[in-house]
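In structure tokens, one chain follows: the form predicted alone.
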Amino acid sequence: MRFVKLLVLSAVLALVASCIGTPLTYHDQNMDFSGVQTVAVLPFTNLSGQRNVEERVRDVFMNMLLATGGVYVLPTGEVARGISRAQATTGGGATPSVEEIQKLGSVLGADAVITGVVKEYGEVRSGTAAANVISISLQLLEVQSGRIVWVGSTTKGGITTKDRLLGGGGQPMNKITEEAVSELIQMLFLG
């Protein structure tokens, strides 16, 4: 009987942990990330239903990544010209093919390409409680091989127990966006 109680308690704790928004990450153990010096961040895909948020989130990500000093992030205009010259498929949920990644990397002089998806962005409601939430997934593709070498996903914000009991509106959208991006950058560099 005690074993069954422990099993049920473990299952409940696992369920609660999954609801908290535990970040997910994958690092290719065979990849030498020190060789990545120049990165092209492709336009993000927006699945949130909000207009133009993919551009806002991409800008925040690019600025915070550049501020680390760990890599050089190509400017958006240069990336747009490279996409056009390489005739690569981007945005709208389409992932560029291996050949497109290799060609884009060659045209831009990039060591890696980052793609992203904004899955949730904006206010969520539950009963009388409301709060802001963001959910982002990113992947880093090595240009030489065109393969995915890193994936990170996180969710920040949302309605807390405190919001449900005491009211309040959660954190501002810009704050949770910065928190989510910061967490993804830490996952990228710390493995």
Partner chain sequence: MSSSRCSFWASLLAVCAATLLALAGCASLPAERDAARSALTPEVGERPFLAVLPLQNLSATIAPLAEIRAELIEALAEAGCDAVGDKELELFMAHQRLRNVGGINGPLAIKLGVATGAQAVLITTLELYAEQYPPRIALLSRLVSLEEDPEILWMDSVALAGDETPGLLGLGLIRDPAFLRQKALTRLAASLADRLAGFELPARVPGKFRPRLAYGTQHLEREGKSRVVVAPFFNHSDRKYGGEIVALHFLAALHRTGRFALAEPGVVHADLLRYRVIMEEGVSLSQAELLFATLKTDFIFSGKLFDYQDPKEGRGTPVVDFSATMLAQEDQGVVWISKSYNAGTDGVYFFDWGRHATAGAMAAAMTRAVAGLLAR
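Not measured: the values here are computed from a predicted model. Residue numbers count along the first chain shown, from 1.
FYI, the form predicted together with its partner chain isn't displayed, but the following is about it.
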query	finding
Partner contact for Arg58 in the predicted complex: its partner chain, 4.5 angstroms, heavy atom	yes
Its partner chain contact in the predicted complex: Arg51, any heavy atom under 4.5 Å	yes
Any non-hydrogen atom of Val151 within 4.5 angstroms of its partner chain in the predicted complex	no
4.5 Å heavy atom contact, Arg81 to its partner chain in the predicted complex	yes
Proximity to its partner chain in the predicted complex, single hit among Leu47, Met31, Ala130, Met64 (heavy atom within 4.5 Å)	Met64
Among 65 to 73, 136 to 144, 153 to 161, 122 to 130, the region lying within 4.5 Å of its partner chain in the predicted complex by heavy atom distance	65 to 73
